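Next up: a single chain in structure tokens, the form predicted on its own.
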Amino acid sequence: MTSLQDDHPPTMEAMRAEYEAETSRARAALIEHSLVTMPEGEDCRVVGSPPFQRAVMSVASYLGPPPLTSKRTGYFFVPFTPDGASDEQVTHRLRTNARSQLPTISVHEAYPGHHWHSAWLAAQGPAHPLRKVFRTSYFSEGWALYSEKLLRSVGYYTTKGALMGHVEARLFRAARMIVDTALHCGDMTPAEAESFMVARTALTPGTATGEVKRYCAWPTQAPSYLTGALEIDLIRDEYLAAGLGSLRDFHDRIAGSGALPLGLARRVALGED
């Protein structure tokens, strides 16, 4: 991964443009393979992250449409560095968004990850308004990480580098589980957590610093990605084994229920609620 990170966009704006192109490719793959139903009027805008977010959010993120409206425009925030960042800090950020990593990140943030999920939920009409407002990251982030693996199953990662980037992204989420738990149980200091992330994942030192700040400020969120993805895998297996519908039907049903705790999402998917 260190070698692959030598191939990265040359500037922040170039990184944003390459993410935008990759997002369009991911959307086309969903349609080609009939993996989900596309809601009418959805629009994912790929923009630089807002200045207030840049010091504490060192990886890509997403902001969806307001939950109680019919709007279906969302924003994929590309992780720009803070104003005044040194050349070294900018290089660290670009390397952590290398071309081998752009495909799986775009799938996670946009199609069929966060953006498709938010737009599809907005298209479901007025039923269950609480489900449009309340959400747990164990579903929403689990769904986005599940989406990365789903696109792998249809051959979306077309180069060895992109496949390696996908696998490393999953390893990164496993490392988050360890570090978040250790930090909040007092078993790691922030400095030790940063060293762990650099040693065990493809994060550069500057990005690892931003990540650990996030874990300190937002306890228990970081483990939600892999925990949720594994649970959604199990629910899908139950759904398909019971002959309740196609893979596309499963995705539409479980994602359309909101971002429920996984036990409740399972009941909805299997027709128990």
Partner chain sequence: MTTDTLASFLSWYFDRHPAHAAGVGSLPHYSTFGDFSAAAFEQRAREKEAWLAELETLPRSVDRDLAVSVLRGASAMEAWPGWRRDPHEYSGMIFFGLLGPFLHGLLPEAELVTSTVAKLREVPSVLAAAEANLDPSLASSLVVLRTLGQVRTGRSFLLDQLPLQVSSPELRATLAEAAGPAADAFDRHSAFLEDLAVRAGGDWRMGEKLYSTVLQDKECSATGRRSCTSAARTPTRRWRPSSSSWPGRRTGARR
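Positions refer to the first chain, counted from 1. Predicted model only: the values in this text are computed from it and were never measured.
Keep in mind that the form predicted in complex with its partner chain is not shown, yet the notes after this line are about it.
- When its partner chain is considered in the model of the complex, Ile31 lies well away from it, no heavy atom lying within 4.5 Å.
- Under a 4.5 angstroms non-hydrogen atom cutoff, its partner chain in the model of the complex lacks Asp6 among its neighbouring residues.
- Taking non-hydrogen atoms only, Thr159 never approaches its partner chain to within 4.5 angstroms in the model of the complex.
- Shown alone here, Arg131 lies within 4.5 Å of its partner chain in the model of the complex, counting heavy atoms only.
- Heavy atoms within 4.5 Å of its partner chain in the model of the complex are found in one stretch of 181-189, 89-97, 144-152, 102-110, which is 181-189.
- Using a 4.5 Å heavy atom cutoff, none of Ser24, Asp43 and Leu203 lies near its partner chain in the model of the complex.
- Of the residues in 64-100, those that come within 4.5 Å of its partner chain in the model of the complex through at least one heavy atom are, in sequence order, Gly64, Pro65, Pro66, Pro67, Leu68, Thr69, Lys71, Tyr75, Phe77.
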